[in-house]
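Only one chain is given next, in structure tokens, and it is the form predicted on its own.
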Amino acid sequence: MSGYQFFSPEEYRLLQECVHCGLCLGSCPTYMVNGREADSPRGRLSLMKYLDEDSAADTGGAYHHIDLCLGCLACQTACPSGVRYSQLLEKTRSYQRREVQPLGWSQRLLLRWFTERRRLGLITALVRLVQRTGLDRLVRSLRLLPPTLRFQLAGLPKVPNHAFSRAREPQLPAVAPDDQHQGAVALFTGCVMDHWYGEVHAATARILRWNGFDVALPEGQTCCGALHVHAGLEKEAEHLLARNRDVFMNVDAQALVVDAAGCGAQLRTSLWPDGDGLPVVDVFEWLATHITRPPRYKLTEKISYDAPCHLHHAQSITEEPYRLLELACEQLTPLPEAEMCCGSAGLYSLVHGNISRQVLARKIDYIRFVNPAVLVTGNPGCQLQLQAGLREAGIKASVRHAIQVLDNAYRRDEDYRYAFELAEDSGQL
């Protein structure tokens, strides 16, 4: 039976399934960085049991090691016993924030500003101004900010003039012959993706439409709540999920397509608790079985794929991205340890900047060895982290979402460019 704190009897049983075999150690980024047992998956599970059973526990020290977990879930993939680490981690962090250590004001402020549409719009306008005046380059060169903020600034994409969803009609028709029309899907636009990575959404919508799908962009969408769950704020996450349920409840579509791995993992497990809503699918998962008009031409650049943790480990979508990239790339070069975390993990790279960059350093070494022209991934946090790491290391490779690579292969086709009014030179990576 569970002790005095937060696990239910069923969750406590899950905790007991860990046999401490150590097969997870080589997959844990924090353990590989510092070698401390308390910062390994089995060490953290022992701490969770300790915290649950002993109401007089030294919670400060134990929770520090819980906080240092990236939540990448590579241990869950490696575990031969099938321990559902993600469920136990979320329950522990929720209790921590609710009863022991409330989230600090700085992290709460970051969550509010980065996940609420109006505030995120203000941040985006400020970033746009800084980028257009060249202040970002000046700040980085003169080292006017702390290292963690300078690093984040280096990874920011060039933000567009407006959010993707505000520049589109709520219904985008398929651009394919009538006999190739496959139905309709909805596209999740989210928060940071909508404001900073709108071109990924645009590319996703084009590819879906080209392959015979009407694309719905329902108004009123908001943040998926993934960052809140990672921070232990269950109630705030549920509030956001409820708003999104209201938006998608009556949408006439075959699926809700998501092109951000973190959002997909959150929505897939939590949007419809009773399992009776619109199916949530990742864009790679959907396209892998629904492409009827593959690209006619392939890109010649050397390209490598780095798998987002919440695609590879949380959703077990491992082969589909490679299958799609093979349709678009002549030189798809494997990246060693592509399934290992890059150290982003939402707000983790801001809160634990030092260890985040240590985790990234191993991956940067592999990227330097492979030397791709383009590094592709499938999550905005990963894009930002990887781009910052490459710039800091002086590596000239660009970072793109895998959907952008597929879209660029399509753009080599004159018919595709004409259908979407794209410039002739718009297929350059």
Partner chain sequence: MPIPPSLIKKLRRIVGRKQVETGPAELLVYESDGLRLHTARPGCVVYPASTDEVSQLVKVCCQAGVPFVARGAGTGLSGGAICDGGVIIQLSRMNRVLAVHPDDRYAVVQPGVTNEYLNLQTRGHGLEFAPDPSSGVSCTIGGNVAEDAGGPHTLKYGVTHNHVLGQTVVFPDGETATLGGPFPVSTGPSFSTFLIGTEGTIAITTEIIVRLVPVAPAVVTMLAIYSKVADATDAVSGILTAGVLPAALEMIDHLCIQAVEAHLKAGFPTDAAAVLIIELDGEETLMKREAEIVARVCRGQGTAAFYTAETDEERLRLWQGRKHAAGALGKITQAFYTNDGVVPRSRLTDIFQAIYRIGDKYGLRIGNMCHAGDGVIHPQILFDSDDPQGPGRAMDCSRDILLACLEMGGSITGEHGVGVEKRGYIDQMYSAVDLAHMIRLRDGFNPGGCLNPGKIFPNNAKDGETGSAASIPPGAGE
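Positions refer to the first chain, counted from 1. Keep in mind the model is a prediction, meaning the values are calculated, not measured.
Form predicted in complex with the partner chain: not shown, discussed below.
22, 65 and 82 all contacting the partner chain in the predicted bound form, non-hydrogen atom within 4.5 Å: Contact check passed for all of 22, 65 and 82.
So in the predicted bound form, is the partner chain close enough to residue 415 to count as touching (4.5 Å, heavy atoms)? Answer no; every heavy atom of residue 415 is more than 4.5 Å from the partner chain in the predicted bound form.
I'd like to check something about residue 38: if you look in the predicted bound form, is any of its heavy atoms closer than or equal to 4.5 Å to a heavy atom of the partner chain? Output for residue 38 is yes: heavy atoms within 4.5 Å of the partner chain.
Taking heavy atoms and a 4.5 Å cut-off, does residue 34 contact the partner chain in the predicted bound form? Residue 34 belongs to the contact set for the partner chain.
Contact of residue 43 with the partner chain in the predicted bound form (heavy atom, 4.5 Å): Answer yes; at least one heavy atom of residue 43 falls within 4.5 Å of the partner chain in the predicted bound form.
Listed residue (390, 47, 374, 384) with a non-hydrogen atom within 4.5 angstroms of the partner chain in the predicted bound form: Selected option: 47.
Given that the partner is absent here, state which listed stretch (360-368, 66-74, 375-383, 396-404) has heavy atoms within 4.5 Å of the partner chain in the predicted bound form. Checking each option against the 4.5 Å cut-off leaves 360-368.
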